[in-house]
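Presented below, as structure tokens, is a lone chain in the form predicted alone.
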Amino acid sequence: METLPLFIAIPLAVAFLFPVFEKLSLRRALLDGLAVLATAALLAGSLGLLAQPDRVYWIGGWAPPVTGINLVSDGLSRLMLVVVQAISFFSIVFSLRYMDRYSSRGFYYGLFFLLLAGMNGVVLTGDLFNLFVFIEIAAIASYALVAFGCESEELEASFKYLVLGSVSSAFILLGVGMLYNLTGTLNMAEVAAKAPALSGLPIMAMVGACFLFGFGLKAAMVPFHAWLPDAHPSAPAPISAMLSGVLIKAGGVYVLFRLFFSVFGMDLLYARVFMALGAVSMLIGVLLAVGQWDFKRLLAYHSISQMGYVLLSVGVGGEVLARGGPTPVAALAVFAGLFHLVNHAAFKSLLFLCSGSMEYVTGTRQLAEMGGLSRPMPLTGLACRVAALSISGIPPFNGFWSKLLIIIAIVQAGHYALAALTVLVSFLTLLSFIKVQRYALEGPLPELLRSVREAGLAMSLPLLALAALCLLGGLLLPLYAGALFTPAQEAMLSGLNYARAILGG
């Protein structure tokens, strides 16, 4: 039995069941059990794909030379699929207790799985128009989830997110339309096969600009980042973890990598645009984070900064390839960027879940109103410290190893100023999280918070699991790099060979 369609069919089916179950007033345990079972099954399925070779599923039996809609499982899509399912599973487990503060559990789960179905579709599809459709499915669900609390702050943030997201979608659709007019096809592999004959045409530059703007906004890269600092803090904590941990990657960064490496072919101009966007996002994001006192808003700005590392590193790899430089240097830069992408999913999701746990028991996100929480909340305090050390690049945590590899790759590529910038941004990141430790976890416990305790087992287990990943993710890298990262790295470095692999079956 072909399993690729199940990654879309299962969350879609479950998403439409939950509102029905909500109306039928089924027991909460049934809703929670179905949500956990569905995400666990998808996570197990994604891990199972790692042991399987690349393959293509042609929907409806259509196959070359008459191509139709297809789903593609290659190294890059498998990597992203595992990341999406893992963070979804931990977020759902955290939600079991966290969603007690909201009323419509069934509708929350329905929107959550709609978001998951959209992201899985984006990762697997080999069709440009279906890519747009799946992005819109995920976007519409995320708009509703940001506003789920229905307070004025959440509604305002959701509306701003919706407006800018719609502008982004318009540019993406415009790019898809122009590309279809040029090539007569929406299949990514067929577009990639025709790309060499189209290079140099002025309209291709316009197509590239549309995709850079549209997906750059989805990825919240500076200067397209204005929606993110409002949307992430306003959403429920598990959704903040999903938005930062996987949505900006699957709907933004992953698509940029897929299009500009596998479909268009990376050239020197696009590579330097990646590098510029990455460097600016790193610096601006961390400078804006340093002055924040709202814990979740501080984390939101760090999402911009940390994804800048990923875009910069992969951009450096693309630049080395485009100018005919040493392939091992390009491979190291791409590998380091992908490694940091996965590490960011772990430590940033952990930080957002920690902030949600703290807000759940204290009723505030303001660091100045907290203090001493490591004593009544030792598990949350430990997990928060691990995540803070990871994002700051302190050994032996996972963020240290990926940042070290990024710096080494940038130095070997000859960009010494950019290497110095990555070190500076890491230092400023550490400074901002020293503030978090000082004001949230240490110091005297305020009188109003003397009765706080850990939020519960369901909210603590995901924190401990993600903290373990942050600690072991770098130390155990040699054990899983061959299954997880090497195929993804090869998929990107192979460039337009993507077309021959897909169309050749």
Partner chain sequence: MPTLDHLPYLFAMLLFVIGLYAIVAKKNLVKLILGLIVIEYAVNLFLLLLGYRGGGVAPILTRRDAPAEFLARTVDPLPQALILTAIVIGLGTLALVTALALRLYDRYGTFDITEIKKLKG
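Positions refer to the first chain, counted from 1. The structure presented is a predicted model; accordingly, all values stated were derived computationally and were not measured.
There is also a form predicted together with the partner chain; it is not shown, and the following applies to it.
Under a 4.5 angstroms non-hydrogen atom cutoff, the partner chain in the predicted complex lacks residue 99 among its neighbouring residues.
Using a 4.5 angstroms threshold between heavy atoms, residue 156 counts as touching the partner chain in the predicted complex.
By the criterion of a heavy atom within 4.5 Å, residue 332 is excluded from the residues contacting the partner chain in the predicted complex.
Contact check for residue 160: a non-hydrogen atom falls within 4.5 Å of the partner chain in the predicted complex. Using a 4.5 angstroms heavy atom cutoff to the partner chain in the predicted complex, none of 190, 264 and 270 count as contacting. Taking 408, 198, 382, 174 one by one, only a single residue has any non-hydrogen atom within 4.5 Å of the partner chain in the predicted complex, and it is 174. Interface residue among 322, 430, 140, 423, judged by heavy atoms within 4.5 Å of the partner chain in the predicted complex: 140. Partner contacts here mean any heavy atom within 4.5 Å of the partner chain in the predicted complex, and among 335 to 343, 164 to 172, 253 to 261, 87 to 95 they occur only in 164 to 172.
Residues of 279 to 318 lying near the partner chain in the predicted complex, listed in sequence order, are 292, 297, the criterion being any heavy atom within 4.5 Å.
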